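One chain comes next, on its own, written out as structure tokens in the form predicted alone.
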């Protein structure tokens, strides 16, 4: 699937795969900061930067701190006007 036809949810998943190095077949809802191998403080900041770049949004500090899981990342991205379907 070309990147320009990728859904926003797939783009978010792809960002986690690229930055944290998780298996694309993983249950993304199981990803939690500090418990997921590879998702440490350095990876967290790289993840924030990648999400901001992917969706052309700017996350305030509160959202950066609150982004403690993939599910929370979905909520935060959606709060910034990005439609995440399915």
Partner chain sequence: MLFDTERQPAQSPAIHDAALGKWFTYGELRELVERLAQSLAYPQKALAFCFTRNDLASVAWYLAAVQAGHAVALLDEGLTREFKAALISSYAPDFILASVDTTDYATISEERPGYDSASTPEPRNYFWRRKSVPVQTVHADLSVLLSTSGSTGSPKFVRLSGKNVLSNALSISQVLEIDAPDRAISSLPFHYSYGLSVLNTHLLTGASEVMTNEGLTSPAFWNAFRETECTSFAGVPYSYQIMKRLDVDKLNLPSLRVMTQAGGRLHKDLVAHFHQVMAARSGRFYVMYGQTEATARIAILPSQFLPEKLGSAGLAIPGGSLSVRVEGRLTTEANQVGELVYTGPNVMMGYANSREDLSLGDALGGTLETGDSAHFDEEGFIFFEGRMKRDAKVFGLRVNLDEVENLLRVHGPTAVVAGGENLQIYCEYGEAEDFARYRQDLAAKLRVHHSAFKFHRIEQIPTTPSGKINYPALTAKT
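Residue numbers count along the first chain shown, from 1. Since the structure is predicted, the reported quantities are computational estimates derived from the model, not experimental observations.
We do not show the form predicted in complex with the partner chain, though everything after this point is about it.
Colleague: Whether residue 75 contacts the partner chain in the predicted complex should be assessed with a 4.5 Å heavy atom distance threshold; does it?
Modeller: Residue 75 lies outside the contact set for the partner chain.
Colleague: Spell out, yes or no, whether the shortest heavy atom distance between residue 21 and the partner chain in the predicted complex is within 4.5 Å.
Modeller: Close contact exists here: in the predicted complex, residue 21 approaches the partner chain to within 4.5 Å, heavy atoms only.
Colleague: With a 4.5 Å heavy atom cut-off, would you call residue 51 a contact of the partner chain in the predicted complex?
Modeller: Contact with the partner chain, no.
Colleague: So, in the predicted complex, is residue 55 in contact with the partner chain at a 4.5 angstroms heavy atom limit?
Modeller: Output for residue 55 is no: heavy atoms all beyond 4.5 Å of the partner chain.
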